[in-house]
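For reference, the chain that follows is the form predicted alone, supplied as structure tokens.
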Amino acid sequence: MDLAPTKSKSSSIIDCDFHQTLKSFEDLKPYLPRVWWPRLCAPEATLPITIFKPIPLSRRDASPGKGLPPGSDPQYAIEDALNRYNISKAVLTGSLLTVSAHNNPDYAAAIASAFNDYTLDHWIPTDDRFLASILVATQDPVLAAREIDRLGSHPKVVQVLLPVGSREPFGQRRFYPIYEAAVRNNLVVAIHGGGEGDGINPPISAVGQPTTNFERHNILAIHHMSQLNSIVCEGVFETFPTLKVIFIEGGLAWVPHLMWRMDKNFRGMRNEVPWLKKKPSEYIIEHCRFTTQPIEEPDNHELIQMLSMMRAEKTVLFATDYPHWDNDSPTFVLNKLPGELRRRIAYENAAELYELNHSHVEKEGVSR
């Protein structure tokens, strides 16, 4: 794949997982009620993290220098990633993905709201290629829905962002206000890895807390599987037939397995879910999308087989996960794919999902 700058749509790339972060939590103060300011500098009071990660989450070589965290300077990120790889659009997914693990729902909602405003003020104006997510705290779905309605009409906002870690599965009806608000604002719902085993959330694995981050990283997909299973089986897509859900940073190889198992069990146990009108796999292919990173790395013919099994020409989107240590560059992932599939995954699937060619560029201003 030729990564030299070009205006040809066939070589365009949409990055569906691009992490921006704060220089420090002090950056949130202008957007946060003063009552919460003391927590920004209190140890363990801001966002919970429970497992030691000996490899830093973000690459040191992605730091803009002067001691700043990687991903904290938009101008550096533009040169280091967007321009280097000819990325046409980058969907910002942030760095506060443990917000839904905090024990205080009001504080969590305030932090999410402040981070959204910070992103819209400090990142979105720097480059037309950046697109925004609305981060919400899922502890209180009513507050989350208010945040979606507050920012949902912004012309650069394309999705609602939920961390995958939660106390209850996302298919349950208490989360419906989030889906109602997303549909009302014509936004995708994105479920991104984060918050698993942290704070108020259940353990990382079904059998308790693992000893090492290596163990945790090997089973990242179980949370995405659990949320997808819940959303489909609880009939969310029957209740919200226009809703689209993207699963970010959970890998891909589990998707065919889960579709097969769900369809098999549906034949024998469908009386438990009479609201489902179609096979589970049909809802998944129609309503769900999955990002490449962290893609499994079998032999290339096996990779292509796996992608074929999950209808990747429709369901898979490209993501770098910049600037994390295990991020994937376009030269690594996309060069493994045949031409038509490469175009679909690199650009076209995401352009269709986010309606980039029409509706979102026609949105009018936002009240903040």
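Residue positions are given as counts along the sequence shown, with the first one as 1. Treat the numbers as computed from the prediction; the structure is a model and nothing was measured.
What follows is about the form predicted in complex with another copy of the chain, which we do not show.
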property: Another copy of the chain in the predicted bound form: contacted by all of Trp254, Arg261 and Met269, heavy atom 4.5 Å; result: yes
property: Listed range touching another copy of the chain, judged in the predicted bound form by heavy atoms within 4.5 Å, from 75-83, 207-215, 123-131, 151-159; result: 207-215
property: Residue among Asn186, Thr239, Asn104, Ser230 with a heavy atom within 4.5 Å of another copy of the chain in the predicted bound form; result: Ser230
property: Another copy of the chain: the contacting residue among Ala182, Leu96, Val164, Ile246 in the predicted bound form [heavy atom, 4.5 Å]; result: Val164
property: Contact label in the predicted bound form: Glu282 to another copy of the chain, heavy atom within 4.5 Å; result: no
property: 4.5 Å heavy atom contact, Lys314 to another copy of the chain in the predicted bound form; result: no
property: is_contact(Ser88, another copy of the chain) in the predicted bound form, heavy atom dist at most 4.5 Å; result: no
property: Non-hydrogen atom contact Glu234 with another copy of the chain in the predicted bound form at 4.5 angstroms; result: yes
property: Neighbours of another copy of the chain in the predicted bound form among 270-300 [non-hydrogen atom within 4.5 angstroms]; result: Glu272, Val273, Leu276, Pro280, Pro294, Ile295, Glu296, Glu297, Pro298
